[in-house]
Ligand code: GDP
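Presented as structure tokens, the chain that follows is alone, the form predicted on its own.
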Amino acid sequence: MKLVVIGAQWGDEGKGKIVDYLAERADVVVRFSGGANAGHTVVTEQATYKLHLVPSGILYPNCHVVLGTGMVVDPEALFRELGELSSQHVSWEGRVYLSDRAHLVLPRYRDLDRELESKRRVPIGTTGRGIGVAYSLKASRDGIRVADLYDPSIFSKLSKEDQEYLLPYQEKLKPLVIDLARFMYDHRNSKVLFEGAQGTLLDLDVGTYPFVSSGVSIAAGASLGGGVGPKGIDKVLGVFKAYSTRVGNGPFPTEFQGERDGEIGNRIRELGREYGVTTGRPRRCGYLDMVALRYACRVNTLDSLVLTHLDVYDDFDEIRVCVAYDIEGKKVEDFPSQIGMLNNAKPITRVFKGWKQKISHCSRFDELPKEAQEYIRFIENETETPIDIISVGYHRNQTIVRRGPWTVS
């Protein structure tokens, strides 16, 4: 079976925990997009692991993980991360693979990334890690792939600077390099989990352009960057938080406003630990946006949703959810493509009663307070998509599974 997990908001939805949880039953986890700008946190009883390039399934000793064709890989960052895993007693040798068609990120890309950001007519708030530059060079057919390290006809034409940087990685990377198409064919009868990076609303094509990432972060990316065709995918899960967050610049219609919403933004940021894993930047916080979530369900053809951070609302008297936008006096229920409309959008909210009790101990849906159950059913009705998994805490075991994800309905 081939199962895809993507972010249904602006990234940071808790995909790392969910992929880690699902990977217990996976044979292979393939990361299909993004680079070291992504950050996934996995919390176990033993330790907390912060991953950027390596797929979350690495923590299971029988799981093989792949950095897919759609990724852009900084070799220095990759081996630094692998070293950190070794220091945390995670044995990764022989289980980490790298597609020979993935593109590489070089040190000079980082400087160029920051320079380009400083000159943009509309700054987007890039992480400055050279990701956008690598994808741009890929699109202009002037990038450097992993395979090019071993092709003298290409490698010899690189600048002296690039050759000197890459030369030590030829041997270091070689044990990891695979033909992903062949690898996936050989694992056609295995349980494969495809892991996305960022989120739907940061996708280059369907996100809030130009305030997006440079890669493909929707479900279609699993096929583009994962070594399989679209008919090879059996199920797609979209992960979202009980509220919304965004990092960097760009429209955010439901963002909490101090004069309107008081201190709720700061309160949720602290309760939800809403700081970037990669950058440490505080995340912008806002109401759950049903307009955006419905859009994410449609453009990904989601089979089901995964709700995370529900426990953040444990002590709230009431919970507000955005059900539509007010744009210059007009009620809008479909997610606009125009940035100006999104910037002018005001959330039309619906109020739900809070449950005022801890839910982190709940292991079944019927153990949740009725107010939490009503909140969940409302989201299902609004999106016409079932919520199959609910996370009520950071640890693996703080997860409610309503319907098994490794089954095709």
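Numbering starts at 1 and follows the sequence shown. Worth saying up front: this structure is predicted, and the values here are computed from it rather than measured.
Below, we turn to the form predicted in complex with ligand GDP, even though it does not appear here.
Looking at 79-87, 311-319, 94-102, 153-161, the stretch with residues near ligand GDP in the predicted bound form, meaning non-hydrogen atoms within 4.5 angstroms, turns out to be 311-319. Contact check for residue 391: a non-hydrogen atom falls within 4.5 Å of ligand GDP in the predicted bound form. Contact check for residue 369: no non-hydrogen atom falls within 4.5 Å of ligand GDP in the predicted bound form. Interface membership of residue 349, defined by any non-hydrogen atom within 4.5 Å of ligand GDP in the predicted bound form, is ruled out.
Among residues of the shown chain, residue 354 is not one whose heavy atoms approach ligand GDP to within 4.5 Å in the predicted bound form. Only one of the listed residues (43, 63, 341, 362) places a non-hydrogen atom within 4.5 angstroms of ligand GDP in the predicted bound form, and that residue is 43. Contacts to ligand GDP in the predicted bound form (heavy atom within 4.5 Å) from stretch 1-34: 12, 13, 14, 15, 16, 17.
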